[in-house]
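Here you get one chain, nothing else, as structure tokens; it is the form predicted alone.
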Amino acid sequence: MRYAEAGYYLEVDLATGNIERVATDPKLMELHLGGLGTSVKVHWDRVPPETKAFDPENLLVFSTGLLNGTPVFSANRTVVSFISPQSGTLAYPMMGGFFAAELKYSGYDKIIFKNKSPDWVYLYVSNNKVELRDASHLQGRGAVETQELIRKELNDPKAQVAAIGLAGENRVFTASIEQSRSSASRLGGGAIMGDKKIKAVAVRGTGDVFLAHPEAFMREMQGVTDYIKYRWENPIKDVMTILSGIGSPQEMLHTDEKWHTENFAWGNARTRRRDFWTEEIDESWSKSQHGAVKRLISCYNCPTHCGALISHKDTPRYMAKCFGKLTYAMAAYVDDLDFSWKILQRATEYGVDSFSTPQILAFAVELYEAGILTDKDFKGCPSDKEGRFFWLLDRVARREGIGDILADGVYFAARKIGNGAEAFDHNTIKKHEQLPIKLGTLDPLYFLMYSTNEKISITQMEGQWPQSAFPTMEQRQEFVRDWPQIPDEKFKQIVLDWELRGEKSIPYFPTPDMCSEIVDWMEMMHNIDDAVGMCCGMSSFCLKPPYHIHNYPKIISAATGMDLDEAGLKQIANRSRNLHRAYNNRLGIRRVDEKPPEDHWKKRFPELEEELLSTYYTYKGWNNDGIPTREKLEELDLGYVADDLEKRGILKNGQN
């Protein structure tokens, strides 16, 4: 009997319509756990580095995590992996909701799509019943609309449906995969679905997931339950409201957006409006949000309520969560939050990433105002800010006119447009739009997180470390007093020594050695979360979370029957991280690619930045170009990876 995992992948050949239920090797769980860990292994084994995003050979993998479908609170993430049309690297956006649990209950750990369908289809999975169904009648439908139509067609309101809208059909590089109360948004998964002519994937399962040691498992979960209750009753002091509790940032609950609106940048990541949040704005935005949010909602088996059901005036109902409520308004310089609820609904139906897409629209506006784009490009566009953004969004999703160029994202659009447009591409890393943040002095920790992680999205890199130093020693002492989640006690002293001003402040403190260890901890926790299917809001993204390196081994061992300790779990996370790194090295990622935008901080320190990268690479066991050495790979039982890298000339004599 297999514990925690189903033990089967569902292999779908879209070109032939052939579907196979394939048993997996139990050894994979011991080496990579599941979720992202085993998905990276699938891509390494089966997708050669010559493969481009829209080649038939590019696999599209929907994966459950190892703990999905178990009683573990908040283990509800589906990992979707593919070679990105935007970055050209192995992308892995995640979505919450109930999809992963239903897939596991149907008896599958992953769905692996290969090749392309000649006609529009959707996949229906319900236990042993698996069908590719005609989706021609769904072409042109919105992502949310498609979900509802499929549920009616199946006569199953509980079926979980992941679907694309027009943006995915038209292979927009920022097209998302929308699903119930969540979405897999970053790096163009919706475009890959559209390229393969998969309109949707519907799952409904009624099977069981087995635990190896149920009593031990429930004892561990009781400890998690007690801690969650404790954190609810004892929010963290001296941090912003959305970071004081647990779960993803509670954007749908809290209305005070002074910190975001005055510290994040408006427009094309240009302007910090430091005096924006007035009493009038507070009153207006609170009224708008309270009117729009009909109820707060959760993902599968989660005790927090990070999402909301939105119904604003005559706008159809949809689900929203996190920073999306601000991205369009801030990008458009619109001070009315009502605009956000309206345009976010249309963006959700189109199926676009609401982090990247608003910046693309703002980028176009800047080019128009600079005279690089002309009246001809904007023919028929309204002159008001709101109307202009709706018009641009329509053009991008439909790839019409200038929207056809913008649909490839800021990096590629700037180079296609030319005539100086390249200078307006100032907020991308590895060709991918970042959060609109422009700050003062280089932060060494964030420099490494922005530069080196395979996620290419800061919201999936940062987490358990405070975002900045606490002003007073009393505040620092209070923070470290109750901090059992740290992997080493020495991290407490770093927080105590870390100051806002002076010798022990950024950019020179924490030191490069300290930064390397802290960032490695952040990465490790994100990699574990992504392997077990945990929402990072309850672990790696959260200050003092319920799940951490000390209780994860016990929970995983009780669920799976593995005899796993902290050292063993760290080894698995490190193995999967280095395999993913090596895969992206095969796709061309090198040191030269690892840099934040030039204007991310006003005060830059080039020599220190090079030292940070070199120190971090050395700590990770990578060479000076950011490639894992043979010694590191063999230490992680990845000798076959070193062989491949040497054969391709990426590693020479195991090093450079």
Partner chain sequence: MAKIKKKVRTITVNADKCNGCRTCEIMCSAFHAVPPYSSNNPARSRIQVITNRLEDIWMPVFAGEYTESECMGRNKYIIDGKEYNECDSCRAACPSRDLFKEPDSGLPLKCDMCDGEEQPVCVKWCLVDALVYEEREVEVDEKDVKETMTEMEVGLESLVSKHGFQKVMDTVARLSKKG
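Predicted, not measured: the structure shown is a model, and the values here were computed from it. Positions refer to the first chain, counted from 1.
The discussion below concerns the form predicted together with its partner chain, not included here.
Does any part of Thr206 reach within 4.5 Å of its partner chain in the predicted complex? Heavy atoms only, please.
The answer is yes: Thr206 has a heavy atom within 4.5 Å of its partner chain.
Is it the case that Asp530, even though its partner is missing from this view, gets within 4.5 Å of its partner chain in the predicted complex, heavy atoms only?
Although its partner chain is absent here, Asp530 would stay clear of it in the predicted complex, with no heavy atoms inside 4.5 Å.
Even though its partner chain is not shown here, does Glu566 get within 4.5 Å of it in the predicted complex, heavy atoms only?
Residue-level check for Glu566: no, no contact with its partner chain.
If you check in the predicted complex, is Trp498 within 4.5 Å of its partner chain, heavy atoms only?
Contact check for Trp498: no, nothing within 4.5 Å of its partner chain in the predicted complex.
Would its partner chain in the predicted complex be within 4.5 angstroms of a non-hydrogen atom of every residue among Gly69, Lys158 and Met221?
Affirmative, all three are within 4.5 Å.
Stretch in contact, per heavy atom within 4.5 angstroms of its partner chain in the predicted complex, of 512 to 520, 211 to 219, 482 to 490, 367 to 375:
Among the candidates, contact is made by 211 to 219.
Ok, Lys570, Arg415, Arg272, His305: which has a heavy atom sitting within 4.5 Å of its partner chain in the predicted complex?
Looking at the other structure, the residue within range turns out to be His305.
Work out which of Tyr411, Tyr318, Tyr583, Phe424 lies within 4.5 Å of its partner chain in the predicted complex, going by heavy atoms.
The option sitting close enough to the partner is Tyr318.
Can you tell me which residues in 218 to 244 come within 4.5 angstroms of its partner chain in the predicted complex, by heavy atoms?
The stretch touches the partner through Met218, Met221, Gln222, Thr225, Ile228, Lys229, Trp232.
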